[in-house]
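As a starting point, one isolated chain is supplied in structure tokens, in the form predicted on its own.
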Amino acid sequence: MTKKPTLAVFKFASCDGCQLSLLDAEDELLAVAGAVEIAYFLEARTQQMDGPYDVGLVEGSITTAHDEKRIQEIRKQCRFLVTIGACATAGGIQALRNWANVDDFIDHVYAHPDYIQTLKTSTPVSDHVPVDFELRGCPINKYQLVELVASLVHGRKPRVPTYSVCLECKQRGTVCVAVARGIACLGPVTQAGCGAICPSYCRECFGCYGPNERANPISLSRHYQSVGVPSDHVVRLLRNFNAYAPAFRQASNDLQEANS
């Protein structure tokens, strides 16, 4: 009998939303469970199997010295390491602290700041170890996750879109909020995956899936400024779930410096 590939799911600094996306897959999850041996997944089962593992899924950003050491060990235990969600791929919403002094936050929040041990920054997993594939989103798309696991099991490249949210707007017949309503929207520079939910409700895209392939948020930011959108609003838009993704980070930094 052929041995099933082993799958392990690990959590770092995050809200657990991406792991819940896998659990929410329901029927699709049963198919995944039939194709792989879920060896380590504390969100779903208490039973744990020791590594090494064929596939490791990592949710969450690296925020403590303990995290730094732990992700190194996980990398050694996994044949393929895949980061899932904005926290793991770009540092997450908690990466907003990277533009501030984290000690100031600690002093305001905790009664005993001396108990807190944390790094000055929140960074993606890829800043610390080699990553084989990144699955974007806040949270991730459960169908993309199932596709990812299936592709790894069958030894092929995952079929995950790299085009922008704009195409998803076209597919669902949503009128462009940037053109028709003058709303600053990150859709043109954001990777597809959400189904263009926010624009369908006349809201801007907030970049939940991070920069798309060949994104140029600097040019888009300049365009929004030229039509009267305040620069601080565009900076806040870029500094969201994927604020520390290189393309968004550079655009927001350049914009802030140009208007300081």
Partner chain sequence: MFVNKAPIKSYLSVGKSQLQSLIDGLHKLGYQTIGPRIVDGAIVYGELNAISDLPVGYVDWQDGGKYRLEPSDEAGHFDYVVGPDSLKKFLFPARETLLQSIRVDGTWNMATPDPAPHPLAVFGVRSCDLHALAIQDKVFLGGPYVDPGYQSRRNALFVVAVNCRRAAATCFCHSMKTGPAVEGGFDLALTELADRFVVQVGSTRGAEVMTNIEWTACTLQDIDDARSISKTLRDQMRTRAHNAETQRESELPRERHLDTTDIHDLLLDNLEHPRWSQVANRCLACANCTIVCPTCFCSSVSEVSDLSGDNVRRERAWDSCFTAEHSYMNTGTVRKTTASRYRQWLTHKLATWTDQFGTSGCVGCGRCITWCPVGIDLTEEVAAIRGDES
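What you see is a predicted model, and the numbers here were worked out from it, not measured in a lab. Residue numbers count along the first chain shown, from 1.
The same protein also exists as the form predicted together with the partner chain; that form is not shown, yet it is the one meant from here on.
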(request) Identify which of K170, H108, K120, K76 has a heavy atom within 4.5 Å of the partner chain in the predicted bound form; exactly one of them does. (result) K170
(request) Taking 4.5 Å between heavy atoms as the contact cutoff, choose which of V229, V32, A44, I197 touches the partner chain in the predicted bound form. (result) V32
(message) Heavy atoms within 4.5 Å of the partner chain in the predicted bound form: which stretch in 213-221, 64-72, 48-56, 229-237 meets that?
(response) 213-221
(message) in the predicted bound form, is there a heavy atom of the partner chain that lies within 4.5 Å of any heavy atom of R156, even though the partner is absent here?
(response) yes
(request) Using a 4.5 Å heavy atom cut-off, state whether P130 contacts the partner chain in the predicted bound form. (result) no
(message) Can you work out whether N101 and the partner chain are in contact in the predicted bound form, taking contact to mean some heavy atom pair no more than 4.5 Å apart?
(response) no
(request) May I ask you to check whether S164 falls inside a 4.5 Å heavy atom distance of the partner chain in the predicted bound form? (result) yes
